[in-house]
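First comes one chain, alone, set out as structure tokens in the form predicted on its own.
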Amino acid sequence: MSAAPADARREEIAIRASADASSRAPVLVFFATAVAWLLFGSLAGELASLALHWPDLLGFASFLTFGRIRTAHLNAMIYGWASLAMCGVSLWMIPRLVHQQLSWPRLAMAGAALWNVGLVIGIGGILAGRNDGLEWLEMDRALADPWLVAGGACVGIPLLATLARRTVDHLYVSVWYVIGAFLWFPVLFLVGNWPFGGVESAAVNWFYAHNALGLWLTAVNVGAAYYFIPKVLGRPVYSYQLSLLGFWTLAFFYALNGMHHLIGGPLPTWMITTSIVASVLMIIPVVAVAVNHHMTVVGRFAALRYSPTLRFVVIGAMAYTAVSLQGMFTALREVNRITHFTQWTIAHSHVGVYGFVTFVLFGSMYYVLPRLAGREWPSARLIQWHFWLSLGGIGLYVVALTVVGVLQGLVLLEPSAPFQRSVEVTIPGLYARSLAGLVLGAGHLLFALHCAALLRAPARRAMPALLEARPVVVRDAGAVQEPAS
């Protein structure tokens, strides 16, 4: 046997070790602050949920009223937990995939600091009553947004510089998604914050809000799923061409989707219809991604029992398919007239932002953190508890609000039914929502404590090339390589 394969293997391991070392500090900072915002957002979300069926709760404090605490919850989860964790995952993946050390890691760390300053100012302002009044853009445009812009630039520039210094000729699909997201989001944020007025403001607001989900949150996390599923299984992605079809059709069709949230509003019919058609055409990227992920995993579903990363990421990928198909269905006028302005919409958004985005981020962190800490997760049991609490909590949340949302919509369509009745039918679902929030919050607290234990524990032995929970994953030789192109 030639020594060449062994030499190539050692070179690959050295490249990965060098990439990980360069990104270690900023990634850990992004992850740590993301988890802190996850805990804050969980508490705020539970208080907001309780206020829906217990309106006198904490009514003595204006900053804890529903309008403020619910908005603080939304911004903490989107811009705090999700965006910060996505930045950390991106800073870790891109150097590995382009075989380069991260450029200017200190600039990326400065980006984490600036972004968090913006969050403290923005969310603190929301709790104090300063609100721009635009969904997903409530943080003060003058005081908070400049910090977010500067922080985002400090992350995007090192990623683009690292890409420019790449030593690989072929770009894996995860690079397309991540870099695309970091190019799209600044444009979206600028347009969304432009001071439009009247009906134009509503149209631009939903252009931003929907695309922040599709071209920021979705893009990074689909890219992460494309990385971690093949990585853990030790096999190439099923079809590279199919993955690029999914990327480009997402880019073309998603940008037009947001107007279906304004069905029935004072906008031109052609604008609403174009958005509905684009929503239906989203079946192309969704099916492309779903088929690619499924065919990559097929025959190896047993690995989900052993790999926490695979378990979370595959469930997240399934939720992406589910929420996208549900979104196409909801965009149709005859369906929208039932579901609009109901708890259905809340359930739908949580399938995406939690079932998809948060699950993929949990799985990503379960893979990345041990490699940066140089040690294994302290407790397999805590990982299991975290998974089942998260899955059970979001399952209860979505099912309960979906059912009462449909009932609520049907009552609202009855001309003779009093409005009070549409409120009463939601009460059981609202109680279930609060219970689900407690379950999810318990899972988040366990995850945070486990992360702290991992980072504080002494390294007991050198990290293996592939750290997963059971030998069925470890024995795949291909799993130590980057995902095949």
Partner chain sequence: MTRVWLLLLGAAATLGFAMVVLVVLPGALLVRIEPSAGLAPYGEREARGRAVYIADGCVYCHSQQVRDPSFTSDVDRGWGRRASLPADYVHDAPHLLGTMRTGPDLLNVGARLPDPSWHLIHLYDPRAVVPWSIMPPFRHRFELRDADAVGPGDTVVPLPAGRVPEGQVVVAKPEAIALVAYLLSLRRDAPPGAAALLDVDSRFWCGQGDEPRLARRGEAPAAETPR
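Residue numbers count along the first chain shown, from 1. Here the structure is a predicted model, which means the values were calculated and not measured.
Another form exists, predicted together with the partner chain; not displayed. Remarks below refer to it.
In terms of contact with the partner chain in the model of the complex, the residue from 321, 201, 349, 193 that brings a heavy atom within 4.5 Å is 201. The single contact residue among 104, 341, 329, 385, judged by any heavy atom lying within 4.5 Å of the partner chain in the model of the complex, is 341.
Against the partner chain in the model of the complex, the set 70, 133 and 411 is in full contact: each member has a heavy atom within 4.5 Å. From the list 58-66, 22-30, 35-43, 436-444, the contact stretch for the partner chain in the model of the complex under a 4.5 Å heavy atom rule is 58-66. When contacts are judged by a 4.5 Å heavy atom cut-off, residue 167 does not count as touching the partner chain in the model of the complex. Taking non-hydrogen atoms only, residue 333 approaches the partner chain to within 4.5 angstroms in the model of the complex. The partner chain in the model of the complex is approached by residue 244, whose closest heavy atom lies within 4.5 angstroms of it. When the partner chain is considered in the model of the complex, residue 160 lies well away from it, no heavy atom lying within 4.5 Å.
Counting a residue when any of its non-hydrogen atoms is within 4.5 Å of the partner chain in the model of the complex, the hits in 205-219 run 205, 206.
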